[in-house]
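Only one chain is included here, represented as structure tokens and corresponding to the form predicted alone.
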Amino acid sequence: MLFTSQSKDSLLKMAANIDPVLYAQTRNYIKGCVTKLSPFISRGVIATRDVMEILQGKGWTWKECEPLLKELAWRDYFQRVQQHHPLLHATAIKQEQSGVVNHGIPAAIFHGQTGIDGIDNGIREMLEKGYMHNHQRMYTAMLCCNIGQYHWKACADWMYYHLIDGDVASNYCSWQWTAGAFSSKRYIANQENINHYTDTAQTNTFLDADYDALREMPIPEVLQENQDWQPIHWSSSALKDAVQNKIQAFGSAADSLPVVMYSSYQLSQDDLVNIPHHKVLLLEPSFFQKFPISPNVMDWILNQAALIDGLTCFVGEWEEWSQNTTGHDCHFVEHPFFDHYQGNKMSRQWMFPEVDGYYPSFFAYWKQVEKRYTW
């Protein structure tokens, strides 16, 4: 597996070794110097703000860090969008995707056999290792939505299912952005562009054309076949089987100590309250049935969670948890998907906490950042 579970200390050391100038120069290339922190940021092990503060503490200037800070801030921005569009995984944020002919997933995408090496290599790596370079994600999305004319929803579900660093907000906003449902125009890349960034040298493919021709071309034959796909069903018993031998099950506590609640998106190894407390990972079957993930992704999440000292796990819905744990104050970190938790909601470590609310574009969001935060 490309990403193994890590302690926060090791991740902070990784962040301290980032060269933001080299990152800015190479990040779009398949062999570029990316941070390798994405799954740990997505799952709440380390915060975007942690990375920003480390870069500042190392003496890098704002200008040197700005390209990396923008990429980190996209994550926070998408989370802000999700706060105002909680159904962004299912409905268009700005306008419906135009030109939709197909629904489902192209079989060639599903199997990584489109004939475009720079895209197929990324799909196969994702299927094997749970990761795909961000540029390849955009290429894959544009091939589905803007060349194959498939609706973004099922394809985005499929990609989220396989990504260890899968974040609902980032994944579905990115697919909508590529498809033109969350942007002013659809994203297109031709073979020359793909070759340049993915270290390939293909010619005479169906993408080897100028952009005007690509926008008008009929759907290539290789993308016309639709693939049936059924994700794993994460029932309560399936979740309990996955957790077994990794994290101890939460039992009935005889004391009345408070509980700090963890989730698949909140795996911080820090003590979030400074008094004695229980640490409980809540896995709600309804959440994983709504947003299914592969067994490999689940395995990674549980292995990472197991590094949290003293963590136990409760498999069940929030209502079931709260009915059986009366007398325990609950503390949890805010997240758009866990607003139904009750208790002491703690603010997440936003990079730019004062820039909240909904902004229709990242550009508008970043303009507000620049007014408030530079060094």
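Numbering starts at 1 and follows the sequence shown. Quantities reported herein were computed from a predicted structural model and do not represent experimental measurements.
What comes next is about the form predicted in complex with a small molecule, which does not appear here.
**Q** Spot the stretch among 337-345, 54-62, 308-316, 34-42 with residues whose non-hydrogen atoms come within 4.5 Å of the small molecule in the predicted complex.
**A** Heavy atoms within 4.5 Å of the small molecule in the predicted complex occur in 34-42.
**Q** Thinking of L68, L72 and M138 as the candidate spot, does the small molecule come within 4.5 Å of a heavy atom on all of them in the predicted complex?
**A** So, yes: the whole triplet contacts the small molecule.
**Q** Decide whether G166 counts as a contact residue for the small molecule in the predicted complex under a heavy atom distance cut-off of 4.5 Å.
**A** Within the cut-off, so yes.
**Q** Is N134 part of the interface with the small molecule in the predicted complex - any heavy atom within 4.5 Å?
**A** Yes.
**Q** Examine Y23 and determine whether its closest non-hydrogen atom to the small molecule in the predicted complex is within 4.5 angstroms.
**A** Because a heavy atom of Y23 falls inside 4.5 Å of the small molecule in the predicted complex, the answer is yes.
**Q** State yes or no: in the predicted complex, is some non-hydrogen atom of F78 no more than 4.5 angstroms from a non-hydrogen atom of the small molecule?
**A** Although the small molecule is absent here, F78 would touch it in the predicted complex, with heavy atoms inside 4.5 Å.
**Q** Which listed residue (Q266, T114, N171, N146) meets the criterion of a heavy atom within 4.5 Å of the small molecule in the predicted complex?
**A** Contact check passes for N171.
**Q** Under a 4.5 angstroms heavy atom criterion, identify the one residue in M159, I301, L281, L207 near the small molecule in the predicted complex.
**A** By the 4.5 Å criterion, the partner-contacting residue is M159.
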